[in-house]
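Shown next as structure tokens: one chain only, the form predicted alone.
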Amino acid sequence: MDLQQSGLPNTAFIHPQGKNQADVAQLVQQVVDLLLGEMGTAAERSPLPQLTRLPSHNIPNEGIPEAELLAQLKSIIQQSMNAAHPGYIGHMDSIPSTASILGDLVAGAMNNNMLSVEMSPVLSRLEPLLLKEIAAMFGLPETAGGVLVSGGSLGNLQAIAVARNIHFPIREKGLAGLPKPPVFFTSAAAHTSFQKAAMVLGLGSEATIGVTTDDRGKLDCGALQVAIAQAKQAGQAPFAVVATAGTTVTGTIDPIEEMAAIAQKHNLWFHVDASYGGALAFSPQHQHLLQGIEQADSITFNPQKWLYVAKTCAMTLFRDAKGWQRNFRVGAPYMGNEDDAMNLGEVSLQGTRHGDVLKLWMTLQHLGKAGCAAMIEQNFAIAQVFLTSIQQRPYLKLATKPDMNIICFRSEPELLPTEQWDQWNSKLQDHLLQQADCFVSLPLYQGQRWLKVVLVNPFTAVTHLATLFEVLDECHANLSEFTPA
């Protein structure tokens, strides 16, 4: 096929016999040069650039020149969330590792389909083996296994779906015949994906029972015992308990070990949402914070957060891989079968799926366990600097004592009425972005607005934090100039 005679640009596809290799190489090099130029100057742009104009959304009759395409691409990069900036510290969005960027590029070029082994013969075999190794790092037994999914919400959905199917005889006939409505228990601070999971699974969002937390934001185990007893008395059928290892707002880790014991006592499935905090398994110095996770029946973990793998990359791990597959698998007659490997699309919520395992594998091979541990330890160190700086300022208040490198705090100046504190902290968020080149988020916690930092960027230095606190001090010193809008 002659691409140019067909009306397509010569670089529309990579010719399998290399006939347009020089032209494609030139286009690829221009994109790589653009990317390196923009990422290599990320610190010179705002962590959260202003949106000035969107790219053209009109589909042209004829393809546009490559120079124009590259110009629009550059504009998109320059107006996008700039997680590479050392001052981008507001969310769990890490700068991606170089290896994961390259892994995504290669996976995209291969375009293998994780639906079946025959459509991804290497990656479909690599994924279960790598996830089994990661499951062992959490202390799960040899029987464990897992599957990659596109985000923590799908990971939690997969886990709750399997727990429901194992606990109730509904795999084929559904919920209609059950004498009691199923319910499960999470922390009141757990991720909203559990409510969505209950809704999608036909349980109703109210089937997710949020248990009160203590003064550190951790699930109250006494309250959990009461909630389980009350659910049974109300004619409900409890089937699972969920612990969170790293809540979204405060980064709190629930009392995993104690919750595991309660779940076992009541014969309930025990799931740990370690989407963020699961990375602690790679840190010999801090993995004790996950004590008890080895007793989990299932775990959600997102390397796209604290292991620096480009989005998306998340997983659901199961203590009993055969039990998961037996209670969830739906065979697909249009796919071939291999004796030594399973079709992952048959045991996952997703069918067609990107080869995310490649960028995960490349990152872990490139950094190694020691490299991952070093990054986590560096983050803990700079978080301690941030925490000390807060404690030195009486006008700043911590939401909770942090468990990890997520710190939630706010300004509560005595010169302002308490009803203006939320507005004041909102104003501080804007000041920090404009004057300190730092983006911090403004979550709602216990009905109030707080400032939150996630110290995950390896290039965030003590000097960046010093600038942030200088701006906070200046704002507090000039508080008398503040007038509500």
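Just so we're clear, the structure is a prediction, and the values are computed from it rather than from any experiment. Just count from 1 along the sequence shown to find any residue number.
Although it is not shown, the form predicted in complex with a further copy of the same chain is what the next lines describe.
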- Query: If you check G108, G323, P394, P141 against a further copy of the same chain in the model of the complex, which one has a heavy atom within 4.5 Å?
  - Reply: G108
- Note on the structure: As a check of understanding, the residue in A234, L415, L175, V226 with any heavy atom within 4.5 Å of a further copy of the same chain in the model of the complex should be identified as L175
- Item | Partner-proximal stretch of 123-131, 286-294, 405-413, 226-234 relative to a further copy of the same chain in the model of the complex, 4.5 angstroms, heavy atom | 123-131
- Message: a further copy of the same chain is absent from this chain, but in the model of the complex, do F185, C221 and L398 each have a non-hydrogen atom within 4.5 Å of it?
- Response: no
- Any of the heavy atoms of I390 lying within 4.5 Å of a further copy of the same chain in the model of the complex? no
- Is E62 close enough to a further copy of the same chain in the model of the complex to count, meaning some heavy atom within 4.5 Å? yes
- Message: Please determine whether E206 contacts a further copy of the same chain in the model of the complex, using a 4.5 Å cut-off between heavy atoms.
- Response: yes
- Message: Contact with a further copy of the same chain in the model of the complex for E258, defined as at least one heavy atom pair within 4.5 Å: yes or no?
- Response: no
- Message: If you apply a 4.5 angstroms heavy atom cut-off, which residues in 133-154 are near a further copy of the same chain in the model of the complex?
- Response: E133, I134, M137, S150, G151, S153, L154
